[in-house]
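Here's a solo chain for you in structure tokens, the form predicted on its own.
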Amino acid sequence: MFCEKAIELIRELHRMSDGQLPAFNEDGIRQVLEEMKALYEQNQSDVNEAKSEGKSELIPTIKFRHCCLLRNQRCIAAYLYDRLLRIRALRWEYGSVLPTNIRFHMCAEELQMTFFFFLSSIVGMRKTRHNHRTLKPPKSLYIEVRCLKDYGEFEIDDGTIILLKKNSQHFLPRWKCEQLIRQGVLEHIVS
């Protein structure tokens, strides 16, 4: 009982590698919160009993339960914070559109958080006028790409509109293509 479910949440995250996001364990969180509620209620009744009847032998039990409450609280905070860091890293890696298999492992609140994170990053990029997606400088500014599916019209910085049709090849700015490559629309041709 005491903190076992909370520690299992942490172990679950620890088993996954850094680039992966396990499914949100709503049942585990709920069980930890129910345990915390039960511990709190037991403590409340023991504190009232210790005060009214002067039972000092209950104090070590109360302190132990309180330590368990604090530990459960820290474990849940660590679980949620680690998921937040993983989601943020995946958001930077994949851009504005996360793959379905990653979104499937997220709860509604995490999806909402990624949306607001994306909006705030856009505002920040507009204010600084920098593109912070890649930390390494590109090898070349333009790359050759092949279109894997019909995408339609695609506008580049100079106003040129390019029609991306299946199996067509283009020489485009790298930074404009990276998102479409991640989405599976384009394929980088390495020669």
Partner chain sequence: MFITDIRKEFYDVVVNQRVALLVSLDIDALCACKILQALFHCDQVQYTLVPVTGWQDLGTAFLEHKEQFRYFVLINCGANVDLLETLQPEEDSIFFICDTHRPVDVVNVYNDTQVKLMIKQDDDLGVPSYDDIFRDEEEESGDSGNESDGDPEPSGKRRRYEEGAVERRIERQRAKREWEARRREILFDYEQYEYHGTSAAMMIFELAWVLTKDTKDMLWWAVIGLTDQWVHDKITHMKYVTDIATLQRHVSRHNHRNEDEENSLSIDCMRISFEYDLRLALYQHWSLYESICNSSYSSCHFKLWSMHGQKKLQEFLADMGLPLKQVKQKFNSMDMSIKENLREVIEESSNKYGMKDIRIQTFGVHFGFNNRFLASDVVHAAAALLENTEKDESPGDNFIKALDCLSRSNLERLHGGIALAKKKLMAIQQTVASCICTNLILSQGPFLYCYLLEGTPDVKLFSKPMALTLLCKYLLKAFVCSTRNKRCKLLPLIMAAPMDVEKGTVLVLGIPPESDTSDKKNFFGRAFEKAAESTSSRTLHDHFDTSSK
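Superpose the two forms; the largest set of C-alphas matching within 1.5 Å is the rigid core. Numbering follows the first chain given and starts at 1. Predicted, not measured: the structure shown is a model, and the values here were computed from it.
Keep in mind that the form predicted in complex with the partner chain is missing from the display, and what follows is about it.
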item	value
One stretch from 35-43, 139-147, 49-57, 65-73 that, in the model of the complex, holds residues within 4.5 Å of the partner chain by heavy atom	139-147
4.5 Å heavy atom contact, residue 169 to the partner chain in the model of the complex	yes
Partner proximity in the model of the complex: residue 22 to the partner chain, non-hydrogen atom cutoff 4.5 Å	no
Close approach of residue 165 to the partner chain in the model of the complex, 4.5 Å, heavy atom	yes
Non-hydrogen atom contact residue 153 with the partner chain in the model of the complex at 4.5 angstroms	yes
Core-superposed C-alpha of residue 177 shifting 2 Å or more between this form and the one not shown	yes
Shift of residue 164 between this form and the one not shown at or above 2 Å (CA, core fit)	yes
